[in-house]
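First comes one chain, alone, set out as structure tokens in the form predicted on its own.
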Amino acid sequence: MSIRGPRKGENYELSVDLNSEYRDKRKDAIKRTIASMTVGKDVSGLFPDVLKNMQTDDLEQKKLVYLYLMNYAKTQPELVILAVNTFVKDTDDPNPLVRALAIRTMGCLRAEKIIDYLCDPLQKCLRDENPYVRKTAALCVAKLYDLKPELVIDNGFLEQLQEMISDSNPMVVANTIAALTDIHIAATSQPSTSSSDPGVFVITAAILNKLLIALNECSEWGRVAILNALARYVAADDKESEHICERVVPQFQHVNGSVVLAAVKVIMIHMRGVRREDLIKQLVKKMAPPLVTLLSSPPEVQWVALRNINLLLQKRPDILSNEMRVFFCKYNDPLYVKVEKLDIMVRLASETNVDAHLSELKEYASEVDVDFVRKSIKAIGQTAVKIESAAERCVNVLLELIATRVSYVVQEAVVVMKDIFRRYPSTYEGVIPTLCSNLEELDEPEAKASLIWIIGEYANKIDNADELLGIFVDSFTEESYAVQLQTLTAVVKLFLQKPDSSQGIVQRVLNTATKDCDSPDVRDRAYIYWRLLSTDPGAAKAVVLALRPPISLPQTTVSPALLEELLGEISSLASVYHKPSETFVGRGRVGVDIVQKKGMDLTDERFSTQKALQTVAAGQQAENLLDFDDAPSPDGQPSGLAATEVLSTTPAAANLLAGTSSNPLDDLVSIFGGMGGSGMSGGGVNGIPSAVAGSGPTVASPVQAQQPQDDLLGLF
């Protein structure tokens, strides 16, 4: 006879205590079980033991058991059925807290087998004499709709919710509105939904009055729900819009930031229907104090408020026109708050406050945070572009910053000066020698490109422009692509303005760009400039030295239509990201939209392969891309889709189309390799003459010394 050893382990000890005859011991065991569950330990094996402790008069113990049930209902759906009788019994308990707790827990279990048992208790709770139970039951309807919409419709729960809007208790009204709004969102998210769908919540004039009455008497989250519903309401006329605005304005004084922003959203939406200019000015004036108050919140709330304020200022710049100082950065503000404040400061800058604004930005430029310093200098440039009368003061501040010789300060100031030259051409040319003297300080691509642009733009006024550009030409292949492109353009500008002294440097940069450069963009631009210079210098001047329109600071960062949409989403993530919700929120349950998208991607990939083959086929008869006088392709040659069919007979193309290619790049190369393309002759680029037409200086062809097989364009 074998003797079994005693069972050990934490779960076994909990199981023993959960079945103890002593009430205190059982309650303590439940608390330890919940504690283990909270830290992530698996205590699902104790489900039957915990379930036995469900029938108790101790409200605290009942809450703990319900919490355990909600957590493990999905993994133990068969055992949850055993708790149904206790749930139903608790919904008839004389204590309203127990009744509400039971109906809330049943709604949160989300187990298919328990849904059918939920309807009768929910019917009773929706008509309960206690408002706490009714408001809990209202939210339970929305949860049930998410699980099984047809059950809600068949049992008439939606009609009961519509009746509960007239409830005498404002909290019941608020929760009813929240439930109906959730159901409305779920119903309208389906593409086949019509306006007659029972889940669609239409706010009528009668409902509007009930909402406005309940607004001032419910809790903060109830107010948010009602205000969001008011934002959806379409006013019949301007009188109704005025009435809504007047009733919502008192919510500006609420201590909760979410209520304030929801009230601002309602006002901004319904202000569109207000015709009286004096009332609009009053409403705009009343918006400023609550928005300023939000800036005394913790940093995270401040940032959300600042993002929303940014949107509001794009629509109505006059809201905070006198409140510039509250957006000045504090020493202990996090970087993300400082950056938003800088953006708003530039938006609020005007001729009346520009001096204080500039002195503040100058202080920021001496901070230790490099990113913040850069953004501060950029803000000085934006101020100069925005306010013409303050441009000279901005330039003087920038010159003072350049004089500090701090590397990152100088580099950002050079970038900013380029924008100022674009805005005010030929106005601040006296600054150019100072900028050029700091050439050695520059090591960032954007700063180098900016200075090169300035040198190229004012090459006729800078005596040693060819020497300065020669520095960048010498290190051309080592520079970033942005610097290479800017150097190429600047040298061509120099050549067009000083052809006698710069022929050597333009020849050198064009040769380097066409032979030694990795970037196809740089090579293409070099070939285009070469063709322009070697065929028609007049056309080259018209293209390269064309007058550019002065830049300006955009009033909005988003399109007007998107701005209106985002103003209707204030206090949500859409207004924080400045993007419509569709761009970051998926629709459907369990990522159904992702699954559908993957299926579409497979179709798109096959279509793209077909398209690529069609492009290859179309290029079979193509001559050099730079030859503008291509002869028409001979008749009888397949083109377009017909050529695709011919190509698809090759093994490489067949592999690509079937998706069985082990190396798609090699297959594409083999398709190209099989084509008979006409290469270029070594005497020039498609017969471009090697000298500039007319009396201009001669410019040798960049490909004269190249063999056909080395010529990039020979591939075509």
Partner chain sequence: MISAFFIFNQKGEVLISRLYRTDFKRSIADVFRIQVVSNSDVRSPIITLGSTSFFHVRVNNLYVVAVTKNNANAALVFEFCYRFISIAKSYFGKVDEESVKNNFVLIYELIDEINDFGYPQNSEIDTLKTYITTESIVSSAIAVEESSKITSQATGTTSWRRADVKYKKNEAFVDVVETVNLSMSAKGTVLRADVDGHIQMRAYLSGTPECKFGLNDKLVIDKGGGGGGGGGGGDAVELDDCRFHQCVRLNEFDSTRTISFIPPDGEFELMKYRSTSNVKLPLRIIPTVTEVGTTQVTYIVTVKANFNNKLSATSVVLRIPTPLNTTTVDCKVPNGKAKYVPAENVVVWKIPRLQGGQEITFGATADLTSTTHRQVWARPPIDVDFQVLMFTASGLIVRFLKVFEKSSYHSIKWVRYLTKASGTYQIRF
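Everything numeric in this text was worked out from a predicted model, so none of it was measured. Residue numbers count along the first chain shown, from 1.
The form predicted in complex with its partner chain is left out here; the points below concern that form.
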- Heavy atom within 4.5 Å of its partner chain in the predicted complex: which of F476, Y117, Y424, W221? W221
- Query: Just one of D524, E360, E441, D419 has a heavy atom within 4.5 Å of its partner chain in the predicted complex. Which one?
  - Reply: E360
- its partner chain contact at V368 in the predicted complex, heavy atom, 4.5 Å: yes
- Query: Applying a 4.5 Å heavy atom distance criterion, does E300 contact its partner chain in the predicted complex?
  - Reply: yes
- Task: Indicate whether its partner chain has at least one heavy atom within 4.5 Å of a heavy atom of M37 in the predicted complex.
- Result: yes
- Task: State yes or no: in the predicted complex, is some non-hydrogen atom of Y428 no more than 4.5 angstroms from a non-hydrogen atom of its partner chain?
- Result: no
- From the candidate stretches 516 to 524, 379 to 387, 269 to 277, 285 to 293, select the single one in contact with its partner chain in the predicted complex, where contact means a heavy atom within 4.5 Å. 285 to 293
- Mind listing which residues of 133 to 152 have a heavy atom within 4.5 Å of its partner chain in the predicted complex? K135, T136, L139, A142, K143, D146
